[in-house]
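For reference, the chain that follows is the form predicted alone, supplied as structure tokens.
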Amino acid sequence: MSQIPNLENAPINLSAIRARAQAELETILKNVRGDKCLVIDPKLSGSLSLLVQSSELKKHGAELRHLTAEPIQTDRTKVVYLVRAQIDLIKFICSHIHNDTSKGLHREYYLYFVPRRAVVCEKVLEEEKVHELLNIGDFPLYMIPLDEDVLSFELDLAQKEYLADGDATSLWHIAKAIHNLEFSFGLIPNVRAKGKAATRVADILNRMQAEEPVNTSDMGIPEINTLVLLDREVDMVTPMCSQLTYEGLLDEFLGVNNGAVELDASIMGVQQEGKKIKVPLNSSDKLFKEIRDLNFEVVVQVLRQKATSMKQDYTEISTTSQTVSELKDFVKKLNSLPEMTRHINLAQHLSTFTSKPSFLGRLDMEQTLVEAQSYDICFDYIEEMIHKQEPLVNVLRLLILFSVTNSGLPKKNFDYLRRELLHSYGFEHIATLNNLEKAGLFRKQDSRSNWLTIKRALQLVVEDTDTANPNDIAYVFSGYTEERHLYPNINFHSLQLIFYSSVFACNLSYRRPIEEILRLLPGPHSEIKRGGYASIPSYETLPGSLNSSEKLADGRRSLVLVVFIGGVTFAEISALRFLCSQEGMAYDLIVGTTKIVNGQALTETFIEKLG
């Protein structure tokens, strides 16, 4: 199965977006005639794997290398660099050219920035006296379809850069990506934003439309009716909690990168010592599409039922005479056997993690932190983690959850934990703690926490959720149950999903006026009507909302683009898919995100690796 997802069932023509990116990359390679060495920024190689197979790149005479500090080992006289606009990467390139020059090697150098060049990078090239030796261009890859309903802007450091570094470059990139979408699918008439970064993106998007307008008269009715911009800063609680959907747990324990997990071949039943294999995970896999959004305990049951059914069919086929039609049906079932085997192996491997007391203990502490009613227990638990020198990222993940749900820590406790962290993990992590403080994720308490007010008013914690037949989005964080373990449910709603739900009057267990919800959630909000589409319904008149029960004239479901600035978890995507599948909902959904994240990945972006 290919890592490149099948996009045929996407609600809009995402295949055209991918085809355009493929064509632009092909043009770059064709413009550099003959054999060449293509040196790729390692973080871009995963993104490119969602666009083209490496064999296609080789057809254009490209020898593939990853960009590192080490000199390039190649006989090719033409070198093409494909990199993000980051100073450390540019310095690697300068070092390569200096190394070639010192050895008397004469090469042609081509540098393509993804998605566009930065002045500061070109200044480094000039200071290193290599600017004149390079042919410089841009590869405007602003977004990549990860699946039929998910787009990624591939900005993994967006949250850290905006909150800790004060760098808003990523916000411009997000607005540019959305504006590019509008040139293909029409000007989006309804824009709603929540949070500082989200409202800034909305403003930038409006400026782009003023400077480079989408021609509304030629485009017809826009294919995307509403854009919802959500700032991760509004809700840092959700990503710090363990996801309990199948895809979410795969990401938590194995790390899903660019639609695939990489793991030992032996786990997948391939007996090759030390060999790693990539397992694609996207909706091209029909079984994965069926189970990806389910709570993990339900996935185990589904796989068991399917395996039992197949075994019974085999018994019948081998002991009784069958018609040709019955044999044909059995062979069809056999075609799904590779998928079954793949996910049984993955589920079995996940179970080795979820059955550990350490995992269940972490879930227990996450629930205690979310409940925010046992401060001393939480403090002691984190203090003990520090003294045991548990992995720093695990400590910081719970510490962020502790700080956010308490609106910071009292000065005495803050200073103590900060000092203990530096003593246990090294004073080089002072930069990391400063990043977290600047981002408001680990800070001194300067006001009383309103988390309990928000939790109660918005019913964030739900008492019981049926994970097998859920009627509430809380199932994606519902507590793990196994034959030997009965664990109390966390069952909570993401703040961002409550905002989304309230905007579109989704089927949550309560109804509150949107203004009341907006006041409770942190950060500014905005609502903009654009383009003068008097005939285009807004969220207030769309079917499925509280204000309308009518269908759209042509019977189509209206399309909503929900963009998470700072990252989204697989569990949140699962919850949004669940909302859109509910009876009476009249929306199709596409999720846009700076990056798919989990608590560990998001925390790691704030960790400074000094030296």
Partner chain sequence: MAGVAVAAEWQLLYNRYYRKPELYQMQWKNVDLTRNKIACAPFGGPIAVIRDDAKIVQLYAESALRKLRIFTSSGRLISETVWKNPGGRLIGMSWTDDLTLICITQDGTVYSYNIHAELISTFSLGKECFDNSVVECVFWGNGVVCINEAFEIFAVPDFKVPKTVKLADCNLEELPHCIAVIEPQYTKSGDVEVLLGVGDHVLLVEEDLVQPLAEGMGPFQKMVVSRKGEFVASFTHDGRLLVMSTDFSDVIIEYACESALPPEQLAWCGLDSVLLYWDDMLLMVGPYGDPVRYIYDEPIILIPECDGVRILSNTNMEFLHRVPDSTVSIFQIGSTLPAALLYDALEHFDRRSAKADENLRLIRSSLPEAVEACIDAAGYEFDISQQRTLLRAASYGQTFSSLFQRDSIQEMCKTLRVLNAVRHVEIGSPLSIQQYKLLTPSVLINRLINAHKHLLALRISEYLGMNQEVVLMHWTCTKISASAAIPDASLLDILLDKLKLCKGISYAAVAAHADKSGRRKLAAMLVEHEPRSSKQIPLLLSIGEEDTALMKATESGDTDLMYLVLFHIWRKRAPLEFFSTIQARPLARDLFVTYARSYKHEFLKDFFLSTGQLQEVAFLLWKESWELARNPMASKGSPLHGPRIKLIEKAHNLFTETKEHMFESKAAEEHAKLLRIQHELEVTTKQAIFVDSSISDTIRTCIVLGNHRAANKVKTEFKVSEKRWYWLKVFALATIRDWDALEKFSKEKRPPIGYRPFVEACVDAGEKDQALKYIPKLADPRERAEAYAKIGMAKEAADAASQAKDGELLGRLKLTFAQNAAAASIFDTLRDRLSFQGVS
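Positions refer to the first chain, counted from 1. Remember, predicted model here, so these are calculated numbers, not experimental data.
Although it is not shown, the form predicted in complex with its partner chain is what the next lines describe.
Spot the stretch among 252-260, 265-273, 100-108, 200-208 with residues whose non-hydrogen atoms come within 4.5 Å of its partner chain in the predicted bound form. Within 4.5 Å of the partner lies stretch 200-208.
Which of 519, 123, 529, 286 has a heavy atom within 4.5 Å of its partner chain in the predicted bound form? Selected option: 123.
Which of 172, 375, 185, 139 has a heavy atom within 4.5 Å of its partner chain in the predicted bound form? Checking each option against its partner chain in the predicted bound form, the one that comes within 4.5 Å is 172.
Taking 4.5 angstroms as the cut-off for heavy atoms, does residue 196 touch its partner chain in the predicted bound form? Because no heavy atom of residue 196 falls inside 4.5 Å of its partner chain in the predicted bound form, the answer is no.
Report whether the minimum heavy atom distance between residue 278 and its partner chain in the predicted bound form is within 4.5 Å. Contact check for residue 278: no, nothing within 4.5 Å of its partner chain in the predicted bound form.
Does the 4.5 Å heavy atom contact test between residue 425 and its partner chain in the predicted bound form come out positive? Heavy-atom contact with its partner chain at 4.5 Å: present for residue 425.
Residue 371 near its partner chain in the predicted bound form, any heavy atom under 4.5 Å? Answer no; every heavy atom of residue 371 is more than 4.5 Å from its partner chain in the predicted bound form.
With the partner absent here, would 117, 165 and 420 each sit within 4.5 Å of its partner chain in the predicted bound form, counting heavy atoms only? So, yes: the whole triplet contacts its partner chain.
Considering only 389-411, what residues come within 4.5 Å of its partner chain in the predicted bound form, judged by heavy atoms? Only a single residue, 389, comes within 4.5 Å of the partner.
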